[in-house]
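Let's start with one chain on its own, the form predicted alone, as structure tokens.
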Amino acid sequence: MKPAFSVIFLTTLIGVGQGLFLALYTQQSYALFGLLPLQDDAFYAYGSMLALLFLIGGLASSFLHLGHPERAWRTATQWRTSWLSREVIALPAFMGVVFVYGMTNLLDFRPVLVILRGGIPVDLSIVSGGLGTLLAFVLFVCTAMIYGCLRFLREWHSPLTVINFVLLGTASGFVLAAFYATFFATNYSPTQAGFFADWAFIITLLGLFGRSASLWRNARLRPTSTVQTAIGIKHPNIVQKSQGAMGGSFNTREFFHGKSPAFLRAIKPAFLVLAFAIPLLLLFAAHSHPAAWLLGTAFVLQYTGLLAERWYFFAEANHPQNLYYQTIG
């Protein structure tokens, strides 16, 4: 398939936003039960606003591949059958909850709604954060299933598609949270960069396993269609001489990435190194010394690698129509 950079930025940017929000709420949940120090209100407020900026950036990039952006609202009308429609609904809903979560902390408006056993108060911030966590995972599933539901694209039609979208987005968000936390260390609220960095290391490692599993699986797929089945002729000796047109067409442009095999062989190790290997080394080093430059470098390199990974994800899918339009004997 031909990767659309607007979709690449959409899926990676909102993944960072989702992961950052999950990181903030994870730390707050630990603090609720006394397992970690509760941070200043500003930590959760500005962190959620940063997550919202990434979500807005992803949403804005999604409009770049629309022929008529003014009709974008219509994509939400088929929510009963379309994962794209569900994503269109889930994304603004999640953004709205992230905004509420940030404002409850920024304005210190946290009325207690429930008191748990042991006298632990559950306020509006905790409830909105829990709802946001649920919506974050709903959004991950909706985004991934846009591709995972396509049976004829076997490289995508796998549970690994959903798993990897969740792991890679969450990993990038936790790395950003570790970098962000280095700026909010005070005498009263010790830095949580180490906590986020440790979780980022674990999730990035899981993401490496998940993405490697999908690469291993896809490399062993064998075509179920042939030139004979593509054109409906069962003769054993068929040689394609033409694509059926003198020039390019929609089929040749939109269903094939147009890059050479050498380029594909080069980009795979590149994204494995940038998105996983180097960030893992930097996060390991940050375990004992969570410096801002270490964590900032880890985030920039990992996000760059995730852009390459998402490009390869789209390019790797081989549409069955390419049997006819992309082969010349």
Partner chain sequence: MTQLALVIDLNVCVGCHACVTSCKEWNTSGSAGPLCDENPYGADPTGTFFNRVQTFEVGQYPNTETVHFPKSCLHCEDPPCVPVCPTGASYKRKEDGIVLVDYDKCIGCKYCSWACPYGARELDEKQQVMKKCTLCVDRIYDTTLPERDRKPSCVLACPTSARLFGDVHDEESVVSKAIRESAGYALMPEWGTHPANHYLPRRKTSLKIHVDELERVDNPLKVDGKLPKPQKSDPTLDDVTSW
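Here the structure is a predicted model, which means the values were calculated and not measured. Positions refer to the first chain, counted from 1.
Omitted here: the form predicted in complex with the partner chain. The next part is about that form.
This chain is displayed without the partner chain, yet in the predicted complex the stretch 141 to 149 from 172 to 180, 141 to 149, 198 to 206, 109 to 117 comes within 4.5 Å of it by heavy atoms. Of the candidates Leu215, Ala93, Leu153, Val127, Leu153 is the one whose heavy atoms come within 4.5 Å of the partner chain in the predicted complex; the others do not. This chain is displayed alone, yet in the predicted complex one of Ala42, Ala262, Leu281, Leu66 has a heavy atom within 4.5 Å of the partner chain; that residue is Leu66. Proximity to the partner chain in the predicted complex holds for all of Thr224, Ala230 and Phe250, with the criterion being a heavy atom within 4.5 Å. The partner chain in the predicted complex comes within 4.5 Å of no heavy atom belonging to Leu134.
Contact annotation: Tyr324 falls within 4.5 Å of the partner chain in the predicted complex, judged by heavy atom distances. At a distance threshold of 4.5 angstroms between non-hydrogen atoms, Leu84 is in contact with the partner chain in the predicted complex. Not displayed here, the partner chain is approached by Ile238 to within 4.5 Å at the level of heavy atoms in the predicted complex.
Contacts to the partner chain in the predicted complex (heavy atom within 4.5 Å) from stretch 284 to 300: none.
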